[in-house]
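Just one chain follows, in the form predicted on its own, and it is written as structure tokens.
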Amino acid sequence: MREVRLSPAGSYDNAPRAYSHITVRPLASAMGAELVGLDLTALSEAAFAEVQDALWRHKMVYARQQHMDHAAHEAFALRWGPFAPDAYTNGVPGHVNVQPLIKEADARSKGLFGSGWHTDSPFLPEPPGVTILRSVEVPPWGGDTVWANTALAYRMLSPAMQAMLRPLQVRMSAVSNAWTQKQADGKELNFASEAARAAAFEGNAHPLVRTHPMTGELSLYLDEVYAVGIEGMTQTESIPLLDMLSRHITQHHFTARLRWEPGMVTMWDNRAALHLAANDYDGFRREMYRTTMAGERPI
């Protein structure tokens, strides 16, 4: 019997809250929101608390006209807590926690780092919580980022499927990502060190359904890049289940797409969202900088 996709009518809840210090404009029905008219470098404590609440609610928030330098980016990021370790790079000179994401106009590759659906560095024992990405130079078209709401995706599973998944642990590893990247452009995936590579390949097991530490919301925690198996299952058993769940999470009903402008800052919650960077802008330069903030061991 052929699969029939059903729209999750009546299950969306991305309406903005009434805040005292910020204005929020939803991006899509499933998730995402714009923070309107803010200077992120000059937020009061009360305004920053509302930005945090908006991120937990909308899973991804962004603001325009935020022309930060590396130091300002770091200072804003530290309001979210300490930096997470980065397995892939050592940052830019003088700012080790600011990671460059740059594709030059003459670069050609079948695969771009980040061009598969993923949550950031889930192979770590304590994966990142919040990622903060700012744009400096963007293509005139293409280069969008897309997010998927994994909490909404969990809510739309049947009660029987939810009950089956709740006790399971998913193994997260960078080994498949490294193989895919090499197949795409013939190059080894960069890691910050050999120790970081070994640890990323070994990976960690985390709950397939995790609980958000701030909201208590349940969400699916897997992706097509890093999820390599389910603990206690054979590959024959686990891979079809992971593939089905990946397709379920990333159906368009659960997503929001952002077209970048120079000077944007975007934040997302890796606990409850996947993201994908479209590799569709050959011939144009794209310059972005990222910080990832420490999270906790998923429960």
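Given the structure is predicted, the values throughout are model-derived calculations rather than measurements. In this text, residue numbers run from 1 along the sequence as written.
Below, we refer to the form predicted in complex with ligand SIN, which is not included among the displayed structures.
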item: Among 64-72, 270-278, 41-49, 230-238, the region lying within 4.5 Å of ligand SIN in the predicted bound form by heavy atom distance; value: 270-278
item: Site check S29, R57 and A148: each within 4.5 Å of ligand SIN in the predicted bound form by heavy atom; value: no
item: Non-hydrogen atom contact L157 with ligand SIN in the predicted bound form at 4.5 angstroms; value: no
item: 4.5 Å heavy atom contact, L218 and ligand SIN in the predicted bound form; value: no
item: Ligand SIN contact at A174 in the predicted bound form, heavy atom, 4.5 Å; value: no
item: Interface membership of L124, ligand SIN in the predicted bound form, 4.5 Å heavy atom rule; value: no
item: Heavy atom within 4.5 Å of ligand SIN in the predicted bound form - the one residue of V136, A196, A178, L101 that qualifies; value: L101
